[in-house]
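Read on for two forms of one protein chain; each stands alone as structure tokens, with the labels structure 1 and structure 2.
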Structure 1
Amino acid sequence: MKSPQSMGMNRSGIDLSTQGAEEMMKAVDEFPPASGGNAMTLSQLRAPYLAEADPVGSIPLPGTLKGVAKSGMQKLMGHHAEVLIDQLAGRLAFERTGTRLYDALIGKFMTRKDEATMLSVDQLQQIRAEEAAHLGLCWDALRQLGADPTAVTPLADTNAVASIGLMQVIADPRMTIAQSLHAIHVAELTDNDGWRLLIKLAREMGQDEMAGRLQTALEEEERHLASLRTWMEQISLNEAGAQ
């Protein structure tokens, strides 16, 4: 695959056509927008939609008497169990996506190993396996709270939508291994912060045993992030001829 850093006929910049740029600026004055307005006008247009919109989802009621009892116990303790349930479901959704991101990356790497010789399939498969295990960890934690791990909560929905672009980068055959690692890097940064928040929330709600199990996942996620940073640095230095 041709390196994306190689020089080529990239016509997206304005410097290649100064005459065309001047003509375009004249056209802006000659053909102004058909309607008036600015960013504030757009905000005003959006305002009624924002005021009237329903939430993106809800936290489902526990489907069993046992689940009701556990949620009710948290309510009596002054905590809102649904907040922890939403955070757990959000992490579960993100770990599911993370597993699929690594599946796609491994498939691309198998064809383009020469783009990142510091990587190995075994390394990527180990991380992929840990991502899948983290999904199971969130699943079990939700069951422990009496919640349904198959339900799509607001944060689960949000995470699923937010990660669509990351999968598009990795699945795109034009994107290099380095560019695909960048997408994984974005996911891992989000993942690390998400686990930290979840662990803090679990401890604050008296779920110390659960928080201990979640801490193991965070430590593995931190190793994933450290590995990605090393790989991306090595690839960039190699491409720049600096190493």
Structure 2
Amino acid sequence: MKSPQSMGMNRSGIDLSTQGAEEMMKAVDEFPPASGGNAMTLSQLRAPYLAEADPVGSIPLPGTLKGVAKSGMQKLMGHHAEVLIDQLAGRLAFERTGTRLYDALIGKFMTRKDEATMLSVDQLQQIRAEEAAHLGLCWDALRQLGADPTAVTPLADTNAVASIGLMQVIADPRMTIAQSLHAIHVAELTDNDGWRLLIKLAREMGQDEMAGRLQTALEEEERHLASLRTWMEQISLNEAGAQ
């Protein structure tokens, strides 16, 4: 398989402009830093903001008293229910974005199959369908607790911010299938650990039945990660001509 990446005129390093770099070093000697200090000086600027920062938002209260009366919620009495709600909403957001990541990857793969011949659209569609099913699991679990699954909780927001770069990679037509898989890999690694944590939390908070349902999602996520690792390895070795 031919690598879609090739050697060429990359101008970002100093070796393409050694004379320029030498001149720049001379300028640094002639015009040194105007102020003393080091990178830690920035910490002093940031400290008051860190001390005074408001949270990005809060975990919404159940919208109705009916929500509080739900059996799932009652079991959480004595625990901080909002932690489980935040974790569930965080996974829900991540699975939603994850499904869209696979949508974008499938779209790219459909016109550029020759970059990754070991992949099939059926495999990608299967994973995409499972990601979509997982968001449904989280949605139902939140409903069971009387929480609003449409609300953006702080962890859901954190996940959305952290995912911005992943979508930027996969949506960019210039990024190859291999590069796009790298972004998916970042997502799947996070997702695996996220499900593990969620299941542990649900168990510790007396939600064994919920934890059992979530366990099936984790098993599927583990298969996704294993597949990805295999594909990435095969693509890299193929591109390097080592296989």
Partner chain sequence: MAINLLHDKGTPLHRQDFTWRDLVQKPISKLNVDAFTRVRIILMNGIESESLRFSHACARMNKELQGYLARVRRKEQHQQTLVNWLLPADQSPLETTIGYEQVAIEVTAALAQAEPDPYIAQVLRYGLLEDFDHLYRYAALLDRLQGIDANTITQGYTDIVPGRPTLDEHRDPLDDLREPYDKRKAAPLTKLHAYTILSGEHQTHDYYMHYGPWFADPAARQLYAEIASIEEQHVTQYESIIDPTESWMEKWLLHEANEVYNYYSCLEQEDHPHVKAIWERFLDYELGHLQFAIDVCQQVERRDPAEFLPETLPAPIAYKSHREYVRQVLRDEVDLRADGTRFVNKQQEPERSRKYRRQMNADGSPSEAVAAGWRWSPGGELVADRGLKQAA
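Here the rigid core means the biggest group of C-alpha atoms that line up within 1.5 Å when the two forms are laid on top of each other. Residue numbering: structure 1 sequence, from 1. This is a predicted model, so every value here is computed, not measured.
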(request) Could you point me to the form predicted in complex with its partner chain, 1 or 2? (result) 2
(request) Note yes or no: does the Cα of residue 18 move by 2 Å or more between the two structures after the core is superposed? (result) yes
(message) So that I can tell if residue 212 moves, could you say whether its C-alpha shifts by at least 2 Å between the two structures after the core superposition?
(response) no
(message) After superposing the rigid core, is the C-alpha displacement of residue 55 2 Å or more between the two structures?
(response) no
(request) Could the core-superposed CA displacement of residue 35 between the two structures be given in angstrom, to one decimal? (result) 4.5
